[in-house]
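In the block that follows, a single chain appears as structure tokens, in the form predicted on its own.
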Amino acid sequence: MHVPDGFLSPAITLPAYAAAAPLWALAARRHLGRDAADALPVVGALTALAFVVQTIAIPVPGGTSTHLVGVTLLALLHGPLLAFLCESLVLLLQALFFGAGGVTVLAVNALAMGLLGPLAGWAVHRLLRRRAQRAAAFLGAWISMQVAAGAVALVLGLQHRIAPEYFPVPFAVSATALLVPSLAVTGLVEGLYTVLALALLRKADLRGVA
């Protein structure tokens, strides 16, 4: 799902940084201060876990693969802003040391996978959790994956429309390549992962787990 360097023009990457920068500052101020010290060990562990699950490729038909994101769990526990901050850190490390994604497209990837997806998942969970907590977590995680994949597909489609020399693949092709694995495979696995991890964390009754 990571958009690599060179696929997007500055017409898209610069506005994305302009949108992401104040949100990074707000998230850091809200979630990394003294008041949040109790939650930091759990947040750090879940961020590291998100880094790991994003490196595990899940094979899908067609000779390609997909992967989990893993930060909806952070959004459910601590809110979408912290999920955005943690996913941005994961994406930065992946770009710098593993060649996944890229620095110029960091804000685009972070907004799609770290903010829009987890924000949608968090909202669905908040709406449904009083009726069925596990189902709400599963559906929230599944929705999160679809929103993130859809956002990346829309950005790539926009790039194809305004400057196809950067991304020559039509929207229909890129959207199909992103959404079909997400709808059929990754969303389901992300939902199961989120439900299981949430249950284990609450059973452990760790500090910083709501």
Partner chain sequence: MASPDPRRERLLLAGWLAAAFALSAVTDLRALGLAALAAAVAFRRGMARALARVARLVLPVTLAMSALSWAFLRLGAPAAPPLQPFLALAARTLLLAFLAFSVLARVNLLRALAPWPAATRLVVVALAQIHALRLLATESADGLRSRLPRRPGPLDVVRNASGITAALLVLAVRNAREVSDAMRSRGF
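Positions refer to the first chain, counted from 1. Note that the rigid core is defined as the largest set of C-alphas that superpose within 1.5 Å between two forms. On a predicted model such as this, the values are computed, not experimentally measured, just so you know.
Although not depicted, the form predicted in complex with its partner chain is the subject of the following passage.
Not displayed here, its partner chain is approached by Ser174 to within 4.5 Å at the level of heavy atoms in the predicted complex. Put simply, Thr104 is close to its partner chain in the predicted complex: some heavy atom of it is within 4.5 Å. When contacts are judged by a 4.5 Å heavy atom cut-off, Leu200 counts as touching its partner chain in the predicted complex. Put simply, Ala136 is far from its partner chain in the predicted complex: not one heavy atom of it is within 4.5 Å.
In the predicted complex, the residues of 182-197 lying within 4.5 Å of its partner chain by at least one heavy atom are, in order, Val189, Leu192, Tyr193, Leu196, Ala197. Positional change of Ala27 between the shown form and the other one stays under 2 Å at the C-alpha, relative to the superposed core.
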